[in-house]
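Encoded as structure tokens, the following chain is the form predicted alone, with no partner shown.
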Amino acid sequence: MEETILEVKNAVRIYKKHGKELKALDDISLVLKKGEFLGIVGESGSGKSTILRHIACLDKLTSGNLFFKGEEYTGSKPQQMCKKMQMVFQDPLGSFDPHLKMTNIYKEIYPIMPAEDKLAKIEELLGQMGLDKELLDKRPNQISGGQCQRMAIVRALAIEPEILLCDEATSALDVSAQAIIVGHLSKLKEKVISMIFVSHDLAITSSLCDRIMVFRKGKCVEEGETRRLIEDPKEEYTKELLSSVLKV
């Protein structure tokens, strides 16, 4: 039986705005297996990025529970969890200090990198991402968005996490850069790393993920293995998403 690495139980997140309550997450539960790539798709405001932020402990649930390998970590992120989960954000430039060269940015994670030769590990990962080590001498605004996003993925992988959390990691990039990123992410399956890939793009998500959850207005309206969901969607909203992909 495949090992469950992450479990979310009955997650609820309520925000208050202008005296009214907004339920951003409405009783969301999910399970992520070791080595599995799980996609979460939906329109803007569906709750897909919100659940990722809560899994990463960047925000606190109103109610519900989070478990990593059966151990609950709801409400706080223990120091050791920083090494277990790493997040890749939507804005590649915003992920880095614009005043620092990339080599100095990477040095900030040296204390929690398992590798003995930190620089060699970074250079190895850069090569795996199709990047030249000469980019280490550049600042973030001196490299392209696609290169910057791959360097953000390198920073996440250098810590050797067990789960990679990608929050719209390709949406700010052009089509060619998206294809490069997805190609490199797909190769991570060889490393037996688990991933949650959040996106509004069902086409990209289906090309990368083993299983997909469809979010709408804070709820999961459908989930299933990618091929089944694409070929035989049950919910009207999923059919609408598929129709929009086919039109494009």
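The numbering used is simple: start at 1 and walk along the sequence shown. In this text, all values refer to a predicted model and were calculated from it rather than measured experimentally.
Although it is not shown, the form predicted in complex with a small molecule is what the next lines describe.
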query: Partner-facing stretch of 176-184, 60-68, 206-214, 38-46, counted where any non-hydrogen atom is within 4.5 angstroms of the small molecule in the predicted bound form; finding: 38-46
query: Output flag, Y73, K84 and I163 jointly within 4.5 Å of the small molecule in the predicted bound form, heavy atom basis; finding: no
query: The small molecule contact at K17 in the predicted bound form, heavy atom, 4.5 Å; finding: yes
query: Contact of T50 with the small molecule in the predicted bound form (heavy atom, 4.5 Å); finding: yes
query: 4.5 Å heavy atom contact, V12 to the small molecule in the predicted bound form; finding: no
query: 4.5 Å heavy atom contact, L229 to the small molecule in the predicted bound form; finding: no
